[in-house]
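Given next are two forms of a protein chain, the same chain in both, each as structure tokens and marked structure 1 or structure 2.
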Structure 1
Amino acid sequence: MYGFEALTFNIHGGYLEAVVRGHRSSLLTASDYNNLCQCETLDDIKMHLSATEYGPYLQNEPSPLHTTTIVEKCTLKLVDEYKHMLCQATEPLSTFLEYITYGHMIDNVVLIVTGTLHERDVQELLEKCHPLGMFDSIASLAVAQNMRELYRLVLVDTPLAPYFSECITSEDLDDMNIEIMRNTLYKAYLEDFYKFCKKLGGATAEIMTDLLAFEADKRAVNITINSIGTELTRDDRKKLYSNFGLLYPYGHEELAVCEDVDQVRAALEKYPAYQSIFAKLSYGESQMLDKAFYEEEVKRLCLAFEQQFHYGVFFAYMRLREQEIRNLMWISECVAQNQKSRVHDSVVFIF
């Protein structure tokens, strides 16, 4: 519950909390999405977005538009807002905001390493990287042959360095090892972020531990489903689960031995918070699980704005904006490929 942060929060955090709540009010609403779903071409989407805060970012783009252009420009808006907030932030908010980008750094590292393994052009890979996860020596990742080199040559000087202690091996990088590396890094990152939020205390700790616990549980479920039928052993699978969350530790014991999606469902239905997610899905149906998790996450992120004087609103806003960009990408792809009947399949309404 609240401590005394209401007395002092506004000295350093008041302006930025007001800014982020202002940004939140510009998120697209259900009526915006309904209008976007009626669009016939990408130019129609651009015309509709011109009345929103994405307008200035898209106005100078020539026709014909591509989905990648729309996503790139919408992401640029998010990056500009993030950089503005980071410039204005003081400790400990600046560290909190930096933590939010570490997930993108991990994704970028994995993207470059996987692309290099499949002999893709480094420049092309760099263009696909998320701008929030860039760091100075990222292009050098392409020369690494194994985890040890990856760490020694490049990552030792990045914020990800402490997370690598668990996954430094001399094994050559292949698709399986890279995926294990991604999940090990994410586990270490989430646990570190969780400890940092707990240390902050007050409403920030209360709200962020709940949001991060949900993220950890979601990852545990995804790891389980994606590793069914692979050579990953039960012990290896269990090592990739984060050491916190609603499912920790007993749910993890059950997930580690699951052999199919229905067993995962049976393990999770014992937890009321996740029962509602699986109630929407029929048996054996795992394709819609991602959307069900995203919908639950959006609901929790929106609730973060119901309380004041905490940093959870910054995390919630960044996640909601990223979900909005995913929605726009899906709608744009459906329109571009003339698959309008599927447009509602993956759109997660925020408001």
Structure 2
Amino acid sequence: MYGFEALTFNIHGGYLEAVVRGHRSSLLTASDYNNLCQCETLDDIKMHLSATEYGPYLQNEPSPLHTTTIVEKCTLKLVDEYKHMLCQATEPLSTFLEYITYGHMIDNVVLIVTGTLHERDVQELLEKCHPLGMFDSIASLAVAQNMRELYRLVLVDTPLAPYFSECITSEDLDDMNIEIMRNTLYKAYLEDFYKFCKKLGGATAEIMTDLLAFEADKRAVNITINSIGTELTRDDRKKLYSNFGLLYPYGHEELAVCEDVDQVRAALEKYPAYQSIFAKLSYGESQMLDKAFYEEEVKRLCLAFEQQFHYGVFFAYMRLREQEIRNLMWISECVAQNQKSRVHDSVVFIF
């Protein structure tokens, strides 16, 4: 029932919502980012970060510090928080939390598949996987010798099994380009997540469908722009668009036939929500599109925290943390490579 969550939500979800809101208030603010942007070396960054919640994770690192170490430790903090929440959660919140990480799981599975196909070492591959997307039977994927076995293994062992069986047959797995496979899986995942949220109903459904619709549209636009001039056919392109969102179905029709960034812009100007994004870019330029999308996403995620008693806050928090880690990576790289002038190009302030 929409509107009456206040009565029953806190029984199961109250503790974790409080935890998440506490984490949210520890996200870095604009003044923190300003301080970080003024740093001259990576050691200065480490010093500033030790004053924030990242302190305990970074204080044991020996200098000279490396940018990848900073990112690793911050991700580790996110993983720890996530695991803590997952342990405490009950159904359906636990399923919801797991859904959030399926995106990373897909990336990891695809990475291991490509690596195994090219005969790389299993241990090396496992080290390169994203920690949020790890699951127990991931190592067994590396045992597969060819695509057929891989397909069988994947069906049995992974939580991603339904996505594989829906859209990909074993023959497809052989000839399909790895990127197309990744995007097909992701499309299936988004649609599944969308259905699940709708089933939950109430405020969760409203907020999550909104956020997921934005995600799907963002992916559709990116796929269109990035596949201009490649060998991806229009039909293949259309197959990768999710079947929900603002752009479904008419926007997708238009996007499928676009051959140029300006045509994409023309197609999207009919939707006022996305018009503002494209207004930030000048004609013919598409480099800063990704940053514009990130900014819009952050705005919507912050709005999710305005309401109480829904699961959207968890999703929003995870996404905001990831954006923060991206910001930190950008700042550290700029400082390390002596490109301080470009720092403000890509940092997205959360508050």
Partner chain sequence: MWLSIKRGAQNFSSHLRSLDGLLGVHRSQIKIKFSVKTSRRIRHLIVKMSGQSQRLNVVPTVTMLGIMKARLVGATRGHALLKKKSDALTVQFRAILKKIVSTKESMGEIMKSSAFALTEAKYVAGENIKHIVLENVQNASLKVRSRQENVAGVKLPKFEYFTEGETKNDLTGLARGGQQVQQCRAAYVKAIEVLVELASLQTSFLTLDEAIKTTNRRVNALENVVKPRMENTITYIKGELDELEREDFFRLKKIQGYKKREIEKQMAAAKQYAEEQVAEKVSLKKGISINSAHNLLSKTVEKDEDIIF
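These numbers come from a predicted model, not from an experiment. Heads up, when I say rigid core I mean the largest set of C-alphas that superpose within 1.5 Å between the two forms. Residues are numbered by position in structure 1's sequence, first residue being 1.
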query	finding
Structure, 1 versus 2, that is the form predicted on its own	1
Core-aligned CA displacement of residue 258 at least 2 Å between the two structures	no
Core-aligned C-alpha movement of residue 222 between the two structures reaching 2 Å	no
Core-aligned C-alpha movement of residue 136 between the two structures, 2 Å or more	yes
Per-residue CA shift, residue 112 (Å; core superposed between the two structures)	2.9
